[in-house]
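A single chain, nothing else alongside it, follows as structure tokens in the form predicted alone.
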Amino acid sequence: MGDYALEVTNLTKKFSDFTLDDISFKLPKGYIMGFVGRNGAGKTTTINLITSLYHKDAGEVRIDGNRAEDDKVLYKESIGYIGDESYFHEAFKIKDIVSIQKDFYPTFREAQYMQYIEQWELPTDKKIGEFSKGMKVKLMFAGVLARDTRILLLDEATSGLDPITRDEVLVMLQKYIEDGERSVLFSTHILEDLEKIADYVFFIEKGGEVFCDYKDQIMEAYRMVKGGTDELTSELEKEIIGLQKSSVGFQGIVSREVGDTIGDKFLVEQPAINDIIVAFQKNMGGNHTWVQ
């Protein structure tokens, strides 16, 4: 169908108090994109437009080359979705979920689904309301992995999970894309997860794009600079993104060009992706909500 699992073009949605404004990006097959921004930045709105839960005001979305307007069944079948809350009724048991998914998804494979249930030791005799959050996330993953999806959308799916379960989820994401035909759009506040698995990063703020690129290229475009407060000139201060000052020193992010020319009296380092995102967010004002 093409080289892209997900193509978003000029996506726009206006609410009374918020506008998602002209969002565009392409996610190649076989890759993971981290989708980051503060609460209310537009991440969930974007995901809800991709899933067609919201009606877009303008723009286009294609999954594996297909639009919802052309074939809604094929489009919906191509999407796997996992949020921060289980979408299964808490009174259900696994047998109830199997029955529903068999009716709702043409490509659902019961035998493969039950293999994941057994592998992850999910209890078949308990109601979903008795499951831990980690168990509920694994249950949603089983449903996605047992279908012929092309894009997996995660909306804060790892928030509130213990570190071991979070690592298990990250392994599942890597396995999901290993055939080179499927991709993941991963909305998260946990920036260290981006360091581990994201190939691309889209940073959204107030409904608009801040930057979107290959993660390594974003990191290569900036430098972390540190030095003594008495060495910070007004010229350099103007160049710094996310400046932090104390009585004895300062640090912040500068462009690679600035970092390569400021001389050896400063400590200049390669920043992590979370350093860059937090610095941009601080420059935009407000208290940040990042988890590091």
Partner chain sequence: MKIVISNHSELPIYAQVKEQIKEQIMTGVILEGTKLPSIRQLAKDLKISVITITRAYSELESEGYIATMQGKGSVVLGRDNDLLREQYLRRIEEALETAIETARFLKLSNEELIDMLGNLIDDE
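Since the model is a prediction, treat every value here as computed from it, not as a measurement. Residue numbers count along the first chain shown, from 1.
Unshown form predicted in complex with its partner chain; subsequent notes refer to it.
Engineer: Indicate whether its partner chain has at least one heavy atom within 4.5 Å of a heavy atom of residue 22 in the model of the complex.
Structural biologist: Taking the distances in the model of the complex, the answer for residue 22 is no, it never comes within 4.5 Å of its partner chain.
Engineer: Contact with its partner chain in the model of the complex for residue 107, defined as at least one heavy atom pair within 4.5 Å: yes or no?
Structural biologist: Because no heavy atom of residue 107 falls inside 4.5 Å of its partner chain in the model of the complex, the answer is no.
Engineer: Given that the partner is absent here, does residue 266 sit within 4.5 Å of its partner chain in the model of the complex, heavy atoms only?
Structural biologist: Residue 266 lies outside the contact set for its partner chain.
Engineer: Answer yes if any heavy atom of residue 270 is within 4.5 Å of a heavy atom of its partner chain in the model of the complex; otherwise answer no.
Structural biologist: Flag for residue 270 set to yes.
Engineer: Quick one: 40, 206 and 280 and its partner chain in the model of the complex, is every residue within 4.5 Å by at least one heavy atom?
Structural biologist: Checking in the model of the complex: none of 40, 206 and 280 is within 4.5 Å of its partner chain.
Engineer: Tell me, which of 130, 121, 178, 125 has a heavy atom within 4.5 angstroms of its partner chain in the model of the complex?
Structural biologist: Checked against the cut-off, the match is 178.
Engineer: Heavy atoms, 4.5 Å, its partner chain in the model of the complex: which of 242-250, 225-233, 58-66, 22-30 makes the cut? Say which one.
Structural biologist: Careful reading of the contacts points to 22-30.
Engineer: Pick out the residues of 216-231 whose heavy atoms come within 4.5 Å of its partner chain in the model of the complex.
Structural biologist: Residues within 4.5 Å: 216, 220, 223.
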